[in-house]
Each structure stands twice: as C-alpha cells, then as structure tokens.
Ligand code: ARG
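As a starting point, one isolated chain is supplied in structure tokens, in the form predicted alone.
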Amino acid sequence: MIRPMTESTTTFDPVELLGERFLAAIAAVAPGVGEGADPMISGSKRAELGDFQSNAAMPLAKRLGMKPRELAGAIVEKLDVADLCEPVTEADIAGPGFINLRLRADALAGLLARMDAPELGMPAPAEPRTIVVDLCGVNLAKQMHVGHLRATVIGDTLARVFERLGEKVIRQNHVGDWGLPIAMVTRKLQAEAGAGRLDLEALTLDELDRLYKLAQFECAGQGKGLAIVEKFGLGPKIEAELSAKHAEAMEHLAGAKATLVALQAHEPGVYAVWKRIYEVTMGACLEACGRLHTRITEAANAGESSYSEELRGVVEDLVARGVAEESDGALVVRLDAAGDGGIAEPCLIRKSDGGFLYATTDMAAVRRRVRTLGADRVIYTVDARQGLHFRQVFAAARKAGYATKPGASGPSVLEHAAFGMVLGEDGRPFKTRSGENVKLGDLLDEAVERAARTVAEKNPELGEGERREIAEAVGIAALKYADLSGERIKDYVFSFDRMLAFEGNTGPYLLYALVRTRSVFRKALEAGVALDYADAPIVIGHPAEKALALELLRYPSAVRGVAAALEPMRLCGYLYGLAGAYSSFYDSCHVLKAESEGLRRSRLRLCALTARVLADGLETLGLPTVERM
C-alpha cells in the first residue's frame, strides 16, 4: 500500500523520512529484534546508484544469523517508500547488502512546496514548554571582557533557537551584584564621593573598574608575607612594615564588612551608591548585548541580590528535611549515593563561619526557575571549568525537590551547556600584551574597524554612512559566527583574519550568500521580469536543483538538532552547506533566462525559499544581516 504524504508529517528531511520507513520495515521483518535498530541512511557515494543508501542489513544480519543480502531482500519486500522513491527492487541491493534509493523528483517538489510556508516547516507546538536560559553572567563594577563573549553569544543563540521552535523562553542574566567584593567597592565609592574626588552622577565604567581593583588591593592582607618573614627570620624592620600594612588592610576589610551589613539592610545612603554602581555596570552591559545583536534586555537581569533574602530559608529548609547535614561545622548535601548522582564531593551550602556560597545562590535560583517560573528545562551557558559545581548543584537540587515543578511526576531537565576558552594565536588564553583580559568593547570596535577596511576595499563607491552600517553588521556577524561555528565544549583560537574572511565557513561569507540570493530579485525588477513565482509548481530536474532541494528540506531538522544537543555549530554547518548548494545551483542553472517560463518561475521560487531559509537561520543564530555588501 502506498502511504501518501499528509499535512501531519513532522519532518521534511528525506533522511529522516526514509529512516522512519526503514525502521517500520525492519520491525516487520524481525519483530522485537529489529525494533530500535539503526536504519543507517546515508548519502550515496556513487550518484549512478542512487541518492541514498541503507547499510542496516549488515550489522542486523549478524544478530539474526542471516546472510546480509537475504535480510536486505526481506527488508525491501516490507519497505513502503513508493511516495518518496523510485521503485526499490532486488536490483537495488548492492555488494553484501547495501540498499540503494533514488528519490522521486515530484516527491521532493511536493515536500518543498509544503515547507514553503510562513513557519518553514516548524509550526509552534500546541503546548509550548518553558525554557530558562542562564547567560551572560556579568559582575558589578567590572568591564565585560572576552570571557563574557561566549556566555552571552552562545546563551542568546540557544534561547533564539527555542524561540524559533515556538517554546516560551526566559533569559536570566545571573549578575554578580552582591557579597563582600561589591561591598568593598561600594565603600570605596562612598569615601571618594565624600572627599569630593568623585562625582557619582558622572561615574563611568572605566573609573568604576579602576576603583574596584583599588578597593580589592586595599583589603588584601599581608598574612602570607608575615608568615614568610617569620619562617625565614627576615628581621623586625620588614616585619613592622608588613604588620602596619596588614593592620591597615584589616581596617579596610572590617569597614567593607560593615558596609555589607548596611547594604543587606538597604541602608539608604549605602544602597544609593550600590544602585549607581548597578546602573553604570548594567547600562554598559546591555549596550554591549544590543551591539552583539542579542535579545538580552533589562528584564533578563537576575542578580544575586534578588536571592539574598531567600538563602537563609533555603538552608533552613534543607536542614529541616534532612537533605543537608553538618560536616566540620559547615553544612553540606551529600551526593555520593547512586540515586543522588554518585558524586564523591558533597555540595557545600554554608561555610563553618555561617557564610553562604555560590552553590547556595544557585540552589535558590534552581528553585525559583523551576517552581516559580515553571521551567521544564533550565540551561546554563557557563564555561567548562564550572562543570563539577553544576553537577553538584543539579544533583543537590534534584535531591531537595527544587528541580520538580508543583504537581509534576519528575524533575525538570537541568543542563550545563559548557564551553571552552577563547585562545590567542599563541594557544594561550586570549589576553592583552600586559596580561589583562581583553575588554569586550575593544574587541567589538576592532572587529568593526577591520570589517570597515575590507568593505571599503571591496566597494569603494559606498558612502561613509552605508559603509559603517555594513561594517558594523559584518564585524559583529564575523565575531559571533566564529564563536558559534565550532564545537561548543572546545577552546578556539581567536583570529580576526580568519573570521573576517569572505570565503570559507565564516559569518561574512554567509551574509554575502544571503545578499546574492536577494540580488536575483533586484535584477528581475531591473529587467522587467514578473515576480509571479509564489504559487509556481516546483520543478526538480537538474542535479543542482536536487542538491539544493535536499539542503532546503533539512532546515527544520537542523534547528531541532541544535535544541536537542545545545550545539549551535549544527545550524552554522547547515547554513554553510545551504550557501554552497545555492552557489552551485546559481552557477549551473539559468534563473531569469531559464528555458521556459515555468522553469523560470520554479527557479525563482527556489531562490526565494533559499533566501528565506538563510535569513531565518541567520536571525536564529543572532547574526545581523545587510541588503548589500
């Protein structure tokens, strides 16, 4: 029986469609044993044999005690692909049991026509899930640097992917805005303003960053130095000097601790200074996020200060229910049992001196995100060095029940989308010549300046305004794409020359590919060609048309693949492959001068669909685009 394609079909990718059909055939041939087998659908290496092949018979035959060709023949008998492929017979079984498949051109055209809808094959789900994405993670009073690039870019792209799939997404910028270090700089600003050396209203982030470092230095004691003096008997003079410095530092530290108490009590004078620090820091942060073409806004800010009143209650709850226990004066959640995660190191939630930790705040955050915001999935885009911390927090949150929504039968999904470091071309962490972290703003400026020079060389006739606009888009796209196009967990080497290239797998290349698809329609208007392609029957005849069709049909699966694996590189790779397929199609197939009106309309529709998919994919990645380059 031929099974017709219906509107309920959930995928357009021929590989997935064929996989479903092969799984059904294998299950029919080998009930029980064949269920869940890998259909092993791959592109054919020999075009004369077909478009795809299934290699499933070889590994499965061994399990069933059959000859592979015999099993392949049995699978072909049960195979229902008449609506997708040319007839599959014994003659299509090659070698030890490869099953070759040739797609029907009209089937490809039908799939493309159905995908050519406003949602591009990704309709919104009837019941959207709530996805919370922890991203960016700036600290008050400090400049954003290259280390914030990945948490911001990867996190926002993952959020965009889920939004594209119709899920409800809540971004959470976990701002480090509380605790003793913030109290130190708050006290320093109070002193500077009180002495008339600082105008809080004119405060800049550069000045704030300088005072933050100075406050940290003033509160740094000389305990280690004094220990060395005593150990090696370095004499009373140096001991007296260090003792005086140590005493002064302890006075500063005591003052900072008193400021922290006042801050926690929202004492008006102290809180007003803290609020100014917050405004300056987050203003710069959101400006950078906007320039990076993200959707991170003020509404996403979820500072540690917002959890400060909850921490004591979290600890008391964990103790009362026996989830946490005392260990050498501290409180821990043990996770070594297999059911608790099998983690040898316990999760420390309160120090022996009564102080709270990052884990305490993160436990409160999980509880709020799941039990209050209703998250079905919480994704943390934080660097890989925090891997153990999040394993502990997630396990402790599950043990405490904080990861389970009210009324749910099981915990929500908690995931650490860990990422590697940004390295310089020397293979070491990317730093300035003085050894400091590279400021994110400086990085963006240089990317845009370099892009401007390249754009000016390629298009000297452009006006200054348009050139700057294009350069901004190209520079930001180049920077983001370089970060997103590699395997997330791996370190990557930062290279302006490589990321700004207009050839190869780069952001500028994809922006140019989109411009090229759109240029066809400008040329059509200039030539007086009617743009009446919207409902044109799609014709798949030339091999380049087929290759382009196959790439286009993979788009929904590529986006869903990113959501499943939290790997933006999958969408980057897809778009690069689509751009290449379109380039081959454009070079091989006349569009405006096609052999017939029907073929011209069909090819214009293919160009339009390609442009829509490229634009949609670039927007999902968070890359700015331009009309011309």
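Numbering starts at 1 and runs along the sequence shown. Computed from a predicted structure; not experimentally measured.
Separately, the form predicted together with arginine (ARG) exists; it is not shown, and the next lines address it.
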TODO: Considering only heavy atoms, tell me if Tyr358 and arginine (ARG) come within 4.5 Å of each other in the predicted complex.
DONE: yes
Task: Heavy atom of Leu189 within 4.5 Å of arginine (ARG) in the predicted complex - done: no
- [ ] Flag Phe390 as yes or no: does it have a non-hydrogen atom within 4.5 angstroms of any non-hydrogen atom of arginine (ARG) in the predicted complex?
- [x] yes
Task: Residue contact check: Tyr380 to arginine (ARG) in the predicted complex, 4.5 Å heavy atom - done: yes
- [ ] Select from the listed residues Gly137, Gly110, Pro556, Gly255 the one whose heavy atoms reach within 4.5 Å of arginine (ARG) in the predicted complex.
- [x] Gly137
TODO: Name the residue from Asp156, Asp483, Asp362, Glu545 that puts a heavy atom within 4.5 Å of arginine (ARG) in the predicted complex.
DONE: Asp362
TODO: Sort through 168-176, 272-280, 405-413, 247-255 and report the only stretch with a non-hydrogen atom within 4.5 Å of arginine (ARG) in the predicted complex.
DONE: 168-176
- [ ] Within 4.5 Å of arginine (ARG) in the predicted complex, which residues of 102-130 have a heavy atom? Give them in sequence order, or say none.
- [x] none
